[in-house]
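Presented below, as structure tokens, is a lone chain in the form predicted on its own.
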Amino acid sequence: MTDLMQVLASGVLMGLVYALISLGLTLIWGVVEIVNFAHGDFLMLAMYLAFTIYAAFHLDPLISLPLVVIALAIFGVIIHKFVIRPVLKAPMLAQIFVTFGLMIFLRGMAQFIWGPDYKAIPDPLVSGSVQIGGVYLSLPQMVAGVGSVLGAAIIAWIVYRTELGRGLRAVAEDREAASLMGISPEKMYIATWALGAGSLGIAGALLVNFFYVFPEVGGVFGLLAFVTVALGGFGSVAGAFIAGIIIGLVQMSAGFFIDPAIKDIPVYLIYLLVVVLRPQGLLGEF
């Protein structure tokens, strides 16, 4: 029973991280209506940036987290202005090719700059484990889980409780009507990319404390983000959060009951079932 509780607790903690990663993807789809296949590679850049700051200035990722968030938000705005905006009115196939090409470019750039080797923070500020009711939990994962909840809460507050959030939701509902009401869709697109990429800055700075970073790491978390968003519903912030926890629990439980080597198979099976049986997801609305 103790082992099971430990597996479930780890699943929840990782699920919270998955939820935060997925929020950016679902935000961008909900407002801009474009699927960003390079989403996971934005996370990879955030992890590399946190690692580089640590290597150069000996600043722990938890301390450099605000810098990483700001850098990723700026990067998201740049990508929108120079890569995404020119194809917003193009056919969906062109949009897919652009974001897929961006994914390939970012991975190649990362391998050119940082090399193909796995890198890790050798002595993070938080390390070891804590015991809660007989269950041992990784302290870096606990910090990542708490940080993910705080990050998701900030994003949810912005989306549902601020003037900016009302503008985002108005554009997501009907961009033409929003324009007639004086809301600039372009400004909302910029804000969306800043929020979406900034959320990955939070996740990347938290993940690098206990997860290796390498050029292909974005593919690992990018696929899980798509599964999470598909389960929660494209465009749904609440759905992404709930689905992230479900995915984390399924993944860890599969590794415990079946085999760690195939722990992702049930996750992708869920994706296939959702696409076939309920393509709108659990809460398919923004």
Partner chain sequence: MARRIPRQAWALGLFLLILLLIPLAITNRYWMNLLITTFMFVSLGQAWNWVGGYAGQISFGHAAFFGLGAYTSTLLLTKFGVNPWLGMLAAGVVAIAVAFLIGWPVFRLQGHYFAIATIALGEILRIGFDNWEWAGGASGIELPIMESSFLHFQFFSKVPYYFIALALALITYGITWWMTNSKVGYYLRAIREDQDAARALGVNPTKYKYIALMLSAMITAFVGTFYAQYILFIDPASTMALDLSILISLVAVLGGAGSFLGPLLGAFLLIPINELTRSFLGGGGRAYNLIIYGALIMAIAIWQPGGLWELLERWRKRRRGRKQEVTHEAA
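Computed from a predicted model, the values in this text were never measured in an experiment. Take the two forms, find the largest set of C-alpha atoms that superpose within 1.5 Å, and that set is the rigid core. Positions refer to the first chain, counted from 1.
Same protein, other form: the form predicted together with its partner chain, not shown, and the subject of what follows.
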Report task. Could you tell me if all three of Ile104, Ile262 and Val275 have a heavy atom no more than 4.5 Å from its partner chain in the predicted complex? Result -> yes
Report summary line: In contact with its partner chain in the predicted complex (heavy atoms, 4.5 Å), from 62 to 70, 49 to 57, 239 to 247, 32 to 40, is stretch 32 to 40
Requested in this report: Go through Ala177, Ala120, Leu164, Met109 and name the one with a heavy atom inside 4.5 Å of its partner chain in the predicted complex.
Outcome: Met109
Report task. Would you mind picking the one in Tyr160, Tyr136, Phe97, Tyr212 that has a heavy atom within 4.5 Å of its partner chain in the predicted complex? Result -> Phe97
Report task. Please run the contact check for Phe226 against its partner chain in the predicted complex: heavy atoms, 4.5 angstroms, yes or no? Result -> yes
Query raised in the report: Taking the shortest heavy atom distance, is Met92 within 4.5 Å of its partner chain in the predicted complex?
Result: yes
Query raised in the report: Heavy atoms within 4.5 Å of its partner chain in the predicted complex: does Pro116 have any?
Result: yes
Report task. Indicate whether its partner chain has at least one heavy atom within 4.5 Å of a heavy atom of Ala153 in the predicted complex. Result -> no
Query raised in the report: Is Phe234 one of the residues whose C-alpha moves 2 Å or more between this form and the one not shown after the core fit?
Result: yes
